[in-house]
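To begin, one chain is listed below as structure tokens, in the form predicted alone.
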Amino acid sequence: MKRTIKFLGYWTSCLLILVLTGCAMSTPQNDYTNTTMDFSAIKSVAVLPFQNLTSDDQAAERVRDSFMGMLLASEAFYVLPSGEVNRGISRAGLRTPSTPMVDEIKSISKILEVQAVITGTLREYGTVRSGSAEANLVSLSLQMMETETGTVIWSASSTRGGISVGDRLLGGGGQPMNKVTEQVVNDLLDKLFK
């Protein structure tokens, strides 16, 4: 009996440490919104190709498409189709469309007739493993720049998915990649429209 109580006490202590560690490791808020900007003046936006820091060559394009669709569905702005944006990038001669310079932003805005451009960096996209548990993870950072001056007027980051305490204890498999991507995009849109 004493051995059972000692064993339960040990596992309760381990679980408490895992929960407290998970709470302590939450990421700090590094979101930014220019409070002097009148966002109602933005009627149309161009979402430039995202910078891809993952090993999946197509991941950034998939996440960009998902973001563009969900942003368009919000009906807050007109979102230019990716083909039109790509033609504008070609005509403006952007060297690195995922990280444009201020003069390039001004140039493409005149060609595309948009009031803002959105750039992004896909930091993680794929499966993470810990012991026998594995789950999908997506981490995305976005920024919006108004095109008259090229100034950043909004930026935010979000990470969703990963292995939860329940996954570790019970060996769960996490959520499908499209669901995790949708959660990241919804989180970023919530931050944009708060």
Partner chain sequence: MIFLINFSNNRICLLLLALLLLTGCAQLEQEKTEPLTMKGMDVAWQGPPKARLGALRCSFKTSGGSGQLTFTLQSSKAGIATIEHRGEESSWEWSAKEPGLYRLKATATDETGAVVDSGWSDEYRFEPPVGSSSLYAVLPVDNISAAKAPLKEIHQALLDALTAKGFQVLDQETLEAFMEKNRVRYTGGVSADIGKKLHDDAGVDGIFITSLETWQDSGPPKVSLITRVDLAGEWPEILWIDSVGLTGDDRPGLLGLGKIKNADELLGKGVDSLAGSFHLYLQGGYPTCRLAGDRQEMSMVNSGNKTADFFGAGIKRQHRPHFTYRSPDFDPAGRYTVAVVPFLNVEARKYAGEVVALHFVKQLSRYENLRVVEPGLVRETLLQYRMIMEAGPSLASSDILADKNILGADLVLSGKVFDYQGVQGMSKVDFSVQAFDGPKREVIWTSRSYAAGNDGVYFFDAGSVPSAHGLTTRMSKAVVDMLEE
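Numbering follows the first chain given and starts at 1. What you are looking at is a predicted structure, and each value in this text was computed from that prediction instead of being measured.
One more form of this protein should be noted, the form predicted in complex with the partner chain, which is absent from this view; the next part is about it.
Would you mind picking the one in 121, 99, 86, 115 that has a heavy atom within 4.5 Å of the partner chain in the predicted complex?
For this set of options, the contacting one is 86.
I need to confirm a contact call. Of 134, 148, 56, 31, which residue comes within 4.5 Å of the partner chain in the predicted complex, counting heavy atoms only?
Filtering the options by heavy-atom distance leaves 56.
At 4.5 Å between heavy atoms, is residue 69 in contact with the partner chain in the predicted complex?
Flag for residue 69 set to yes.
Under a 4.5 Å heavy atom criterion, is residue 103 part of the interface with the partner chain in the predicted complex?
Output for residue 103 is no: heavy atoms all beyond 4.5 Å of the partner chain.
Does residue 62 reach the partner chain in the predicted complex if we count a contact as any heavy atom within 4.5 Å?
Flag for residue 62 set to yes.
Looking in the predicted complex, is the partner chain within 4.5 angstroms of a heavy atom from every one of 93, 110 and 152?
Negative, none of the three is within 4.5 Å.
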